[in-house]
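First, one chain by itself: the form predicted alone, in structure tokens.
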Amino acid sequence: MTTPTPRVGLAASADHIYATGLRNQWHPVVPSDFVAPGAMRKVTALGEQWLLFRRPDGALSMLADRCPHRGAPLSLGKHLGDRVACWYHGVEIETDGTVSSVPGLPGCNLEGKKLVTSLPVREIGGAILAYFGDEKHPDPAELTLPEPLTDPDVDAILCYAEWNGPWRFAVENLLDPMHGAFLHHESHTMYDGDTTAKFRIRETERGYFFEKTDQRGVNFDWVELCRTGVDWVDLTIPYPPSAGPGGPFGIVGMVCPVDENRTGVFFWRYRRVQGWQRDTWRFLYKTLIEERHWQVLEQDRVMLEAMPADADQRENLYQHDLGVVRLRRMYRAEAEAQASAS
């Protein structure tokens, strides 16, 4: 008889959940190529330590980085193909978290029990997603992936970076289109358009749009927050004909709450291109556009990393911040609900 697999975030306070990421949903973790076939990698997500383990055939698993025997990190252990052996005493753990062998005491009552948390994982668009459920919600939430990452007529290129700052600041930055006309004014795409605007929130079945009411298709003029089992945003930036085929330049954005003070940011840059146009888009991106995009991201990084940790506690907001206020209230309410239910 096996014991239930422990879950993440047990008895966490609302403040802890708000600081380290909402539970009972999917989050991106790291790019897929961070874990080669036959390799394993230690990662931090939602303030906890994990082990990404890839078998030689490419199958991926995600385990708590903690041996059930004495708590040693499994990431220091040995990859045995379909299981990991703890370096401390050789205890072997299968990819579903089951103890398969205790070499020092064969037949030990640990064998055959699921004693290590194993998270459901998916890979899409070159990124690893994992479901972080609490004890009452161990089964993964329904996941609908962003359309630009699943549409065969869309070509998406992933950019990943890790920033020093709360995950909420990175999401709020995406729900703040007006910063494009100021912070990114010297960029290659967001130099045009008015520096004054009015905004509105427009509800959708999966989240909401935050958009300018008096300008469209000129700058960073709208963003949609989508909650489809994983939280992501969609937005477009107009591109000149010199940027090649494909029309407007789209961005799908996600964040990983690494811990209270670090964030993994995932940006898929996409365009609707097929055939030779796809080849042209990829060539232009790699040879010309990518470096410019990293310059824009660097502007965001510098600003967000310079923000004090209590920046969202000492503010004077105005109409342009409606999207951010809505986001905060929603996330805070969910954190409190998850804490009270734990």
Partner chain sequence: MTTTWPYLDIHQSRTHEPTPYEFKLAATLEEVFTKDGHELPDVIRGLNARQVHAPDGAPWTEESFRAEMNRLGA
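Residue numbers count along the first chain shown, from 1. None of these values were measured; they are calculated from a predicted model.
The same protein also exists as the form predicted together with the partner chain; that form is not shown, yet it is the one meant from here on.
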Within 4.5 Å of the partner chain in the predicted bound form, all of 163, 282 and 287 (non-hydrogen atom) = yes
How about residue 157: is it within 4.5 Å of the partner chain in the predicted bound form, going by heavy atoms?
-> yes
State yes or no: in the predicted bound form, is some non-hydrogen atom of residue 57 no more than 4.5 angstroms from a non-hydrogen atom of the partner chain?
-> no
Tell me, yes or no, whether residue 292 is in contact with the partner chain in the predicted bound form, where a contact means a heavy atom of each within 4.5 Å.
-> yes
Residue 69, heavy atom within 4.5 angstroms of the partner chain in the predicted bound form = no
Of 107, 81, 241, 104, which one comes within 4.5 Å of the partner chain in the predicted bound form, counting heavy atoms only?
-> 241
Checked 114, 262, 185, 122 for heavy atoms within 4.5 Å of the partner chain in the predicted bound form; positive is 262
Assert contact_stretch over 244-252, 90-98, 169-177, 205-213 against the partner chain in the predicted bound form, heavy atom within 4.5 Å, equals 244-252
